[in-house]
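For this one, two forms of the same chain are given in structure tokens, first as structure 1 and then as structure 2.
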Structure 1
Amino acid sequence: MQVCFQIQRQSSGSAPQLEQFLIEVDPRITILECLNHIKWEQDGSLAFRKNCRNTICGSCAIRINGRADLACKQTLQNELDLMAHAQRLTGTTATEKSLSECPKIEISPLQNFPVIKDLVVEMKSFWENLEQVDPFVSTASRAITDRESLQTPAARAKLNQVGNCILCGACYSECNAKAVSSDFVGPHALAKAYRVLADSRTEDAQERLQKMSADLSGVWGCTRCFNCNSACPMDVAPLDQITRIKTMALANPVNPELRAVRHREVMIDLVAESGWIDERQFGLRVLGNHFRDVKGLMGLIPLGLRMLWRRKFPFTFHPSEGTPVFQSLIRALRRQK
């Protein structure tokens, strides 16, 4: 069949440009094979990474039709099915005709990385961020003396999902937090941090947990946008692993004064008190820390005044009629903990 590839091309430092390639291929081949076809038959200067061709090495992560994926994992037919599914769901028919005649596949490099050439990106920050979480089980545990470091199948099974990470960079590309924060280590590093934390052989779990939940470089920098979960081609679900680290950190917070920790605790307290969140109380307790955080309180003043001025300030608050139920429900769940 005939397919039109629209590939974003650029050299380092220059503006990206879209280039169109029309190819005649079997729809059962992968997107990576399509790129090979273009490179070998039409333009040898097209740059992209590839290696294993079998979703093992993670080299060929690129953006396909607006999402990060492995070029070697997705067949052309899968991609066409996805496009048709989206069109059916959204009721958009404008491109249906062109889809049956000559579908267009948009290809671009991963985001959140500088482009070296075309689809090849500079991954230095990605590896540096990974190193920040010390992505190995501690050296002491690995110093094998007379016997192996044994692990039960159940303990190993805990690591299966996150152990599937092939460090392709798809999650990093789509991460909203990474896009605005160079300090944030990124979803790949936090998924790996959880993998080490959850490993029964790890001896320094507490220190690791402390480091990952101390500031915005770790789990509290995440905006919970779900992009990493959606993008991961290996179902590692980095956001779920970030959530697991947060659960561990909240169970025994090293710094209960941390505003991100208070944010969570105040939410639960307020639901127990009144069912719905009284935003005025939320602001005072989370940002103002019960009048202890003067800077936080001062930050609320312009917002409060502005809301008063625009008739947006909530003067009244009505607790939920179901408050007693939620109060005792939360009390019971807290006791269980």
Structure 2
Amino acid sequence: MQVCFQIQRQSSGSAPQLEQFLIEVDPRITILECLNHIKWEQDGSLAFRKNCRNTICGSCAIRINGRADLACKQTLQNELDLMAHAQRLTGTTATEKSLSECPKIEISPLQNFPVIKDLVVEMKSFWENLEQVDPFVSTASRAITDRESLQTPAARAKLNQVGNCILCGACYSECNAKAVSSDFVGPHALAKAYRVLADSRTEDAQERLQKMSADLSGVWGCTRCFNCNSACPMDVAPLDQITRIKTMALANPVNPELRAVRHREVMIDLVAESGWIDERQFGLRVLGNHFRDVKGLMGLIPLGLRMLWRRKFPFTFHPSEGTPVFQSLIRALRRQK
């Protein structure tokens, strides 16, 4: 079948532009094989990374139709099926016939990385962020000894999911928090950080936990958008690992005055009080820190004025009828801590 590939081409420092390539291929082949076809038969200057061709090395991570994925994992047929499904969901008028005649697939480099050339990105910041969490077991067993450092099967099983990470950069590419904050270490680093925390051989877990929860560069910088979980080709679920670190950190927060920590505590307190979250109290307690954060309070004024202007400011609040049930559940959970 004929497929039209629209590939984002650019060199370092230049503006990107789309270039189209029409190829005749079997729909059962992978996107990586399609790129090989274009490079070998149409344009040898096309630049992209590849290595194992078997979803092991992570080298071929790119964006396919606006989402990060491994080019060697996604087949052309799978992509066509996704496109058809998206058309049905959005009610697009394009017919199945027009889709089968010459579907267009857009290929672009990963986001949140500087582009070197075409689909090849500079990953220096990616590795530097990973280094910040020191993703190695810190224990005396790292030294050469006369015996092994043994683990039980149950202890080892805790590492299986996070151990599947191949550091392809897909989660980093789709991370909204990384897009707005260069200080945030990224979901890949925090997933690796949890892998070390969960390892029974780690001897400095508390120090690591404090470092990762001290400010917005660590777990509290995560916006919980779920993009990393959706993008991960190996089902590592970075957001799940970040959430586990947050749960550990909330048991004894390093910085209780951090707004992200206060956000969660206030949310639970308001639900315990009324069954719902009173938005008026939520803003004052989280941003205003009970009227102690003047800058935070000032930041609420423009929002409050816009809400008043549009008649959306809630002057009254009606507690939930099921408040006693919520309160009993929260009390029971707090007793289990």
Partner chain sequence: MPTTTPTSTLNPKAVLTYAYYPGCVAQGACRELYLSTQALTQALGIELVELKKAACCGSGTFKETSQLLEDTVNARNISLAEELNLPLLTHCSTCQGVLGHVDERLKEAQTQQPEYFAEVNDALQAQGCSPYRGTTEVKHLLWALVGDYGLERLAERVTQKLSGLKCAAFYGCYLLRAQKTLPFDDPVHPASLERIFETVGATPIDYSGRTQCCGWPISSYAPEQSFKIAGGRIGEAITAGADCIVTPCPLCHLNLDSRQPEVEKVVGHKLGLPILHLPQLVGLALGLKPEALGLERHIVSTLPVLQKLGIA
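Please read all numbers here as calculations on a predicted model, not as lab measurements. The term rigid core refers to the maximal set of C-alpha atoms that superpose within 1.5 Å between the two forms. Residues are numbered by position in structure 1's sequence, first residue being 1.
Asker: Tell me which of the two, 1 or 2, is the form predicted in complex with its partner chain.
Answerer: Only structure 1 matches the form predicted in complex with its partner chain.
Asker: Tell me whether V254 is among the residues that move between structure 1 and structure 2 (Cα shift of 2 angstroms or more, core superposed).
Answerer: Yes; V254 is a residue whose C-alpha shifts (by 2 Å or more) between structure 1 and structure 2 when the cores are overlaid.
Asker: Tell me, please, whether between structure 1 and structure 2 the C-alpha of R67 is shifted by 2 Å or more, with the rigid core used for superposition.
Answerer: No, R67 moves less than 2 Å.
Asker: Check the Cα of P314 between structure 1 and structure 2 on a core superposition and give its shift in Å.
Answerer: P314 C-alpha displacement between structure 1 and structure 2, core-aligned: 3.3 Å.
Asker: Where the rigid core has been superposed, how far does the Cα of G299 end up moving between structure 1 and structure 2, given in Å?
Answerer: That residue's C-alpha sits 4.3 Å away in the other form.
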